[in-house]
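Below you'll find only one chain, the form predicted alone, shown as structure tokens.
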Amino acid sequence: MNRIVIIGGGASGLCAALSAGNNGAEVVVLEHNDRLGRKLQATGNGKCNLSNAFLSDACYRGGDHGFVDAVFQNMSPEQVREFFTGNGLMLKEKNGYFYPYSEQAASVVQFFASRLMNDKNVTIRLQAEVTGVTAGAGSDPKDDAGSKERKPGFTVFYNDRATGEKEQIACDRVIVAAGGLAGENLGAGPLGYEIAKSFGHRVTKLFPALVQLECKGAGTKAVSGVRADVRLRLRVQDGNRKQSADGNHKPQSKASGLFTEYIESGEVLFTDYGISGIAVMQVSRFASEALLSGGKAELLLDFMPGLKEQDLFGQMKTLLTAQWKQIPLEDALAGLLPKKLLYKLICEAGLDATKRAGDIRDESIRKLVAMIKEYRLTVTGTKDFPSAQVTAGGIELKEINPVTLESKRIKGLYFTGELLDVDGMCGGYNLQFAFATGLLAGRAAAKQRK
């Protein structure tokens, strides 16, 4: 028997299945949903940004960067894209971002489903809710899964939700590609971590990443729904330990303690609970991690990053003292920022929006300029896993072989994708990692000798 059971029919599991099947193994995919790739179909607002031409250490967070490097040295983004095109999925590039040519995530799911359904080596079992995995083919669930003298192979236990029957399947190897906690409404859950722990693996703290931030002071109806292009800085102070930063994210020492600063630019969206947008999500995992440790986090927003403070002061003073100096302040500055946001900033700067523009003193102008260039929000929390795009934290990387994704504790057991202590930025990086680890695990498991 050369049978591989893959737990999870998402991005990583589907790649593992196709890879293992192409390498001649008998593959059984157990997926607890009633269809494959539910989370995959929702990615990129339904467009599925599945890869990126740019790759560096700064694109990934979490555990050991050496692990990520080893994964991509053995399955590069170019090789992942070649896997798709070589199996018949056409891709297109937009500014370094890769999508299926249709720009529909459903096309990627259809691609996997059609290839796997027509692969005589692969069996798909939907509505198969895995309840446990034990070491030893045909073993009893009560057996010690970590026993050094275990029988070869594994037994995977699951409930067939369609029939209500309890089932089990014996196999030589198991690839756990069950995904993380993010996207609970799409079927995410703790299964993969529970399996890892049952075999003695350590799992780090888990918290939401690529997620919206809850902020004190931002959640007002006055600005909810307002969008703005900003340069934002997230400043965090860890409650337990000093934080390190990567790339251009440099730590800053302050009188109140050591702060680390992360910088992003892009569109933000004010909401009734705080703030969202890609720029916010890119830095959210650092805020989440700091708050989890009992630390602090704050956002500093620059609403006019293209102008220096003194230049903005000069242009604003000209506006307020020109021929329309008789009109109200908020009207004189119309077009500077979205109306609701401008009114909020004027009020928070202590100014009267209805006061004549020509009557605004230089001191007051400088207060408004300072508010526009550095608007502060205290981050009080993040939205939870149902709203997050990815899980930060996971199985400790030192316990996994980065070339094969095989457990260093249990031969024949593999873990892939979001289950590992690796999380990427927006831009296709998390899918890129999921696909790469799935392909490596599928190939290694298929070629592994008994």
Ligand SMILES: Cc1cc2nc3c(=O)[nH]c(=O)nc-3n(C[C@H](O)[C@H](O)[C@H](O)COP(=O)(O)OP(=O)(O)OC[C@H]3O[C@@H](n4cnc5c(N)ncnc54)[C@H](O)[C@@H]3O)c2cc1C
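The numbering used is simple: start at 1 and walk along the sequence shown. Owing to the predicted nature of the structure, the values given are computational and were not obtained by experimental measurement.
Beyond the structure shown, there is the form predicted together with the named molecule, which is absent from this document and is the topic of what follows.
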Which of 278, 186, 349, 137 has a heavy atom within 4.5 Å of the named molecule in the predicted complex? 186
In this chain shown alone, the residue from 108, 268, 368, 130 with a heavy atom within 4.5 Å of the named molecule in the predicted complex is 130
Decide whether residue 389 counts as a contact residue for the named molecule in the predicted complex under a heavy atom distance cut-off of 4.5 Å. yes
How about residue 401: is it within 4.5 Å of the named molecule in the predicted complex, going by heavy atoms? no
Examine residue 178 and determine whether its closest non-hydrogen atom to the named molecule in the predicted complex is within 4.5 angstroms. yes
Residue contact check: residue 421 to the named molecule in the predicted complex, 4.5 Å heavy atom: no
Checking a candidate spot here: are 62, 282 and 292 all in contact with the named molecule in the predicted complex (at least one heavy atom each within 4.5 Å)? no
Any idea which of 187-195, 88-96, 370-378, 319-327 reaches within 4.5 Å of the named molecule in the predicted complex, heavy atoms considered? 187-195
